[in-house]
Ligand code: G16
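Next up is one chain by itself, shown in structure tokens, the form predicted alone.
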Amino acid sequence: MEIRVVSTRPFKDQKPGTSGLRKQVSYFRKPHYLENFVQSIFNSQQGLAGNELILGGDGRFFNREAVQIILRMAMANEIRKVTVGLGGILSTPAASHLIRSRGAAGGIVLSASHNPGGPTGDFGIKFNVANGGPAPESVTGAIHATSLEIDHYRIARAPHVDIDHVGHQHVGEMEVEVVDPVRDYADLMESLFDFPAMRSLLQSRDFSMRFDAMHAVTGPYAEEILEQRLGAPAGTVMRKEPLADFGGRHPDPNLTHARELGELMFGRDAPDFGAASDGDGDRNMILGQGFFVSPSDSLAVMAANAHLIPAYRGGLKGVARSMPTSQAVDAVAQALGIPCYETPTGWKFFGNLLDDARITLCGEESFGTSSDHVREKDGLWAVLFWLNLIAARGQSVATIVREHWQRFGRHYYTRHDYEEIESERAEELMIRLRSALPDLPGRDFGPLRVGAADDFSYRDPVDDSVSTGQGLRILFEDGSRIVFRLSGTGTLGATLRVYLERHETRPEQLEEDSQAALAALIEIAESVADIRNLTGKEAPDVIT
């Protein structure tokens, strides 16, 4: 079969972020754009040649075309075998599991996660390494460096590969195996949780739930696990069919974008349990009747109750959270006498801790939680964890969380997102704020006194690597915090994220509205960073 060597020139904007390379679809459809990045992966990761590669994505627009291009390039770059999900579909956690269970050399995941899809939406590509997790900075750095020097790529002249039927085939000398994207993952979930107890709960007349798949990748997974294996009534899974444009909506599991589920859970005769996942299946939202569980609280509740789940009855080795995530899980770790690690944002930072058996559970405030069963955050796993927990405790979501607050105190927490800011304005805000940090310690803001202020850096306890510039922190003497970060997951302009946290232990003060409880910190953040003036925005675009 003919191998073409195509001359090309570097693109200067192919530096992977915390979750790979994300751009609008129009970028990836430019001549050579996708091919350049894929060839940069193959050139910089020479251990892929002669080995197995996992391939799939969330089904968004351009997914199928990208799969065909990557298959032809894999053959031209001497990949021995590519295992691809049926129809090009693989959730991110399912891809991680396949890499690990098959001993593959790595995987290419096609997704822009919670970003919008469709012809005018976003597309993304990232490389996962042999442990099943996102590529660490050393790997993404090598890919980026290669992309800046590339002058040709290799691609086979091959017929269209049938990815719509399970089975084996060959493209030249390369084997292509198309697999059921759901089965292995569902089997893994059944090995972790108490399916008989969960089945009894879901089939009870006294319990009901809804899962919003948001027309994204988890629809088939949730239907198989919840409705088929656990016997939940038909219709439990909402918006189950994956669509290339996610039904014209952001596949982001929050109360803004999953509004139908939110209205249902906060309306009359609400189901007992509600949940949602995102575009590629790695995020989750947990709801009870009229009750929203913050992702930070969710991680803490999971850690405190892990002994009730079959896979974790032996105890937790440790836990980890991203720096902007609330310190709720820290309190649980202290009570359990286990380590708690604070890492930069980005799931790849948990990989070393998991591989070194230092932690069992980990999570981020951006609706991501998971454990050592894979090396990615896992939305449906988190939903099943909560379902198992409800079955084991025989209590509602709200009761479980409120009892947690009574024991550990409540970490009032919120995130304010200012989206699509002009990049120059966003950078100016961060530069000004960074320069002001040294003068903040000792300064009083009403009853709050600043104890420390810094730009967070992280030294990995496993490989001793250092990551700097990970977020600006204002730390108050009473334990309250304000954190400022620019997000790397958007594709238009910049997104400023402001995180605010305050710990409350007085029993009579545990039921306040989060925004009201954090009003003083919100005002301080606006004043210190001059947000309105520098962003041109009167209020956040999204509050979670």
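The numbering used is simple: start at 1 and walk along the sequence shown. Here the structure is a predicted model, which means the values were calculated and not measured.
FYI, the form predicted together with this ligand isn't displayed, but the following is about it.
Just one of 140, 345, 128, 296 comes within 4.5 Å of this ligand in the predicted bound form, counting any heavy atom, and that one is 345. Residue contact with this ligand in the predicted bound form: residue 18 places a heavy atom within 4.5 Å of it.
In the predicted bound form, residue 487 approaches this ligand with a heavy atom inside 4.5 Å. Taking non-hydrogen atoms only, residue 502 never approaches this ligand to within 4.5 angstroms in the predicted bound form. Mapping the unseen interface onto this chain, residue 114 counts among the residues with a heavy atom inside 4.5 Å of this ligand in the predicted bound form. The stretch among 154-162, 208-216, 83-91, 281-289 whose residues place heavy atoms within 4.5 Å of this ligand in the predicted bound form is 281-289.
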